[in-house]
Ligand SMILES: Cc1cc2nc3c(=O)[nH]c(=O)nc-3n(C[C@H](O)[C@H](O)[C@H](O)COP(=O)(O)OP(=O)(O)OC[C@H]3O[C@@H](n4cnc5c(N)ncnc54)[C@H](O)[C@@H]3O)c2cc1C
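As structure tokens, one chain now follows by itself in the form predicted alone.
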């Protein structure tokens, strides 16, 4: 196995170049870190498939995940500003608010985040969403929610911002193993990464600090962290400009309107592993959902169809903070909230890497990360939890 030599010694290596990897790399670079990023294929990134919602209240999140999401939502304007400053490109941030329709007031009152929204009767619901199906009698407006145009703008801007900040990219590589050494005290620390280039040649990259941002592929490196792919199919339609002003979060379908009138319709949720491709069943389900939610929308011209793989955990919450090896930080498993949580994930990752010592017990940072720790699923010892051989 040949060693891989970058043009300079990197303080930290980011494993994965999707939305989370780019967000983490950019945040670290802005704080003065020298960062290398390993990426297999840009097209694999879930960020290019995401609808881009930043809508924790319309999603009906609760508990620690809601608190983390609200924190990240408040950070988004400044985070977007930093990306746009470094890249010179727009990210498509639109604080448009979100509407959640209901068929009854009882259903509305039972919604987990109802207290954070403005109640809408049928008349107000029609004002917010002209043409909404008559099946819905009331709703909630969450004016604090918004969206980012991740597919067309955010991902492009983030990559350019990373490059402008000096992040070194290694393209077309597959991370195969993490290598460790015993520190003599019963702990194992990261020392290298085994990877394979696109031409099939294997390399060894010396590395003492890394951030795992491999998305739906994370379990291939850390088997005891159950991050699995959830396939989502989507499509877009072209609406008249301003025909839909808010994100519309229906019971089985959501609509995300861009400023130029493009409306993203999503999304299926399929446990089919990494099975590629669109399916008639999935696309028909989305078309039916659009018709039942906003009948007029079914007459808008279709534009594009695509799919992607969400990285999901059993509790649908991310895996954040120190990993099973000293020097390894986790930033994966964001399920359908990657765009929403990117800002806070970048901030927390930088905070973890800056801690000395890295354990930081009994601190506010530790308390924030505790619900999202890597070993919450099974009490397996660290040495059994990282694929090395």
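As the structure is a prediction and not an experimental result, all values here were calculated from the model. Numbering follows the first chain given and starts at 1.
The following text describes the form predicted in complex with the ligand, which does not appear among the structures shown.
Proximity to the ligand in the predicted bound form, defined as a heavy atom within 4.5 Å, singles out one entry of 225, 158, 267, 248, which is 267.
Interface residue among 174, 209, 253, 283 relative to the ligand in the predicted bound form, by the heavy atom within 4.5 Å criterion: 174. Comment: 339-347 is the region of 66-74, 322-330, 25-33, 339-347 lying near the ligand in the predicted bound form, near meaning a non-hydrogen atom within 4.5 Å.
In the predicted bound form, at least one heavy atom of residue 213 sits within 4.5 Å of the ligand. The shortest heavy atom separation between residue 217 and the ligand in the predicted bound form is within 4.5 Å. When contacts are judged by a 4.5 Å heavy atom cut-off, residue 19 counts as touching the ligand in the predicted bound form. Heavy atoms of residue 49 reach within 4.5 Å of the ligand in the predicted bound form, making it an interface residue. Looking at 295-312, the residues that come within 4.5 Å of the ligand in the predicted bound form, counting any heavy atom, are 308, 309, 310, 311.
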